[in-house]
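Below you will find one chain, with nothing else, as C-alpha cells; this is the form predicted on its own, and questions on how it binds or moves follow later.
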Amino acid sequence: MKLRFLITAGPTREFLDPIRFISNRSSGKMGYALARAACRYGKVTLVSGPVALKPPTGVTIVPVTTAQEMADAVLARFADADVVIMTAAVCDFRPRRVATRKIKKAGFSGVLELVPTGDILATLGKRKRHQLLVGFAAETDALEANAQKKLRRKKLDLIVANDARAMDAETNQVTLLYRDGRVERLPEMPKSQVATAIIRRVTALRT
C-alpha cells in the first residue's frame, strides 16, 4: 500500500523587526533524509523551514518561515496524511511585538518580551484519527525521560529522541520510544541511514 507522508523539517524564524529574528541550530538534514527515504513507500509532502539544502527529488516542498506558517501548512494537510513525522525544530517562543522598522541600538530598552508559539504536535495529537503520528525530541539532558513524557503528553505513536548536539551534525544516534512501551536504541549512523531505519519501522507500524 502506498502511504501518504507529511514530514516537517528545519527551523522556524520568529522576527523582532524586518531584519532580525530568533531561531535555532536545526539544519533540516534529518527531515530531508526522512523525506528521501519515505519516497520509496509513497507520496511525500515536506513542510520545510528555511534551510540550505537541495530539495529531495519527487517530494512536494511547502516552504514556510514562522511557527504559525508551519502550523497552518501542516494543519491544512493533516487530514489527508497517513503518516506524519514532525522533525522540525519549531521555535517555542516568539517576540510579543514585531517592530515595523529596524530596532536601533540606542532605542532598545534591553528587554525582549517573548510569548509561547502554538504547540503543533500537541494539536495534531488531539486531532488524529487514522494517522500515525511521530515526534522528535532533541534534549540536552534526561533524554529518554523527557522524550517519554512528550510521547504521552502529545499522544504520539512513536517518538525519536536524540541529543541536541545532532541538530547540525552529519550523523545521529537516536532512541525510539513506542506507545506500547518498547524502547529501541540505534547506534550512531549517518542521518541517511537513521532515516531509512525510522521509515522502515514506521511503515511496519502502518501494516
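All residue numbers refer to positions in the sequence shown, first residue = 1. Note that the coordinates shown come from a computational prediction; the quantities given were computed from them, not determined experimentally.
The next section is about a form of this same protein that is not shown, the form predicted in complex with a small molecule.
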Checklist outcome for this item: Per contact check vs the small molecule in the predicted complex (non-hydrogen atom within 4.5 angstroms), the hit among 125 to 133, 110 to 118, 96 to 104, 75 to 83 is 110 to 118
Next on the checklist: in the predicted complex, does residue 153 come within 4.5 Å of the small molecule, counting heavy atoms only?
Outcome noted: yes
Next on the checklist: Within 4.5 Å, heavy atoms only: does residue 138 come near the small molecule in the predicted complex?
Outcome noted: yes
